[in-house]
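Here we start with a single chain on its own, the form predicted on its own, put down as structure tokens.
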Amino acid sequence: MKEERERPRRDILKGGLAIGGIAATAGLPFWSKLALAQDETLVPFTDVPATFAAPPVVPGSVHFLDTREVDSFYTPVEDFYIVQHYDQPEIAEADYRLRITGLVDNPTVLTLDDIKSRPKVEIDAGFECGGNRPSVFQGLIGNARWGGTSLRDVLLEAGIRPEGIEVVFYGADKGSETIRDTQAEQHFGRSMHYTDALQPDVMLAYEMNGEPLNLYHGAPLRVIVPGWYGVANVKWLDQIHVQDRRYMGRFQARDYVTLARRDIGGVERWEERSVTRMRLKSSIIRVTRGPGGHTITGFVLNDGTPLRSVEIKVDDGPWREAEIDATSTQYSWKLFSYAWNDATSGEHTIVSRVTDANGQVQATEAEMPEKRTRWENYGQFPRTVMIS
């Protein structure tokens, strides 16, 4: 298992660092140092129960990371978080068909070979579950190198008609839903406006970290929408449908909906909004102790907007700037570290905040709009740690 976990990082280092076109010519990259050195140890968080551990990957269950163990830029496939809403369909590659239907000039059926014969694109994209939260210590996350083909090109060739405004993605996974007194079988589905679907970075992915998608991550084909929460990255994709109205499936209109109080034109109202683009978020994931002192490490996820800074605060002290991994790409997670050289003995509260290029600052929970639903937990996440 350890051998398999290390392989993606080793392969990249062996070939020379090149993530998203950024090359390192001197020294080791930031993320190559994430694995603990022989003289380095984890410092325990006091907010983590002694029994806390990432669950095993088993069919039909949720899997999340123990973020204290993040040790590479790319999350190993077997560690990347897993959430599914219905079944996990096994689809033979030879039998796979993707249908493009609805308000298009050229309805199309594509085999997996058809899709793989198209120009290949790759992108680093990290995302989290829309329900990622402090109780799992922000473990519903992952960052991977995705390979596939451009969704934009497929849609342009199909020819979206002028009245087609919404692009719906259906997965092969299905289950039974009861709406009022009616029970019906439904497939998982999500949608977006056609202008979002035509963004050049959205892809039909068949590879993850250089290998074919596996069952749990949507084999043989899924959508990758960089900068959006995981729910938008539909797995086991088997149909793309263009229509003239908003899609109203369960996981679009009734679930993965955030209810929050907001000022709307000078009137304070409760607003329901679908979970779509990721909100600006950072989180501390571990503290280590080495010969040179202590190091605080964490991650940032957002919608791809450039970052201005990540800062760390210890107890009631000032905000201090952390180092952001310079090789991060637009849609990857951004790992950061802070050299905590003046750590003193005892228990401390540490927290991070991120600011983007537009001046948006990650808020504290108290500063955020009143929110009644479990989705989009992007407030500052204080941690407690014991320094001996």
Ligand SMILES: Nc1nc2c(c(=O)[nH]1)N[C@H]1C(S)=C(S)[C@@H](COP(=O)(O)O)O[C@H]1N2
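Every value quoted in this text rests on a predicted model; they were computed, and no experiment measured them. Position 1 is the first residue in the sequence shown; the rest follow in order.
One more form of this protein should be noted, the form predicted in complex with this ligand, which is absent from this view; the next part is about it.
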Ok, 286, 145, 217, 281: which has a heavy atom sitting within 4.5 Å of this ligand in the model of the complex? 217
Pick from 294, 277, 85, 120: which has a non-hydrogen atom within 4.5 Å of this ligand in the model of the complex? 85
How about residue 236: is it within 4.5 Å of this ligand in the model of the complex, going by heavy atoms? yes
This ligand contact at residue 155 in the model of the complex, heavy atom, 4.5 Å: no
My question is simply whether residue 164 lines the interface with this ligand in the model of the complex - judged by any non-hydrogen atom within 4.5 Å. no
Please check if residue 127 has a heavy atom lying within 4.5 Å of any heavy atom of this ligand in the model of the complex. yes
Of 194 to 202, 101 to 109, 294 to 302, 127 to 135, which is the one stretch near this ligand in the model of the complex, taking non-hydrogen atoms within 4.5 angstroms as near? 127 to 135
Across 46 to 82, which residues bring a heavy atom to within 4.5 Å of this ligand in the model of the complex? 80, 81, 82
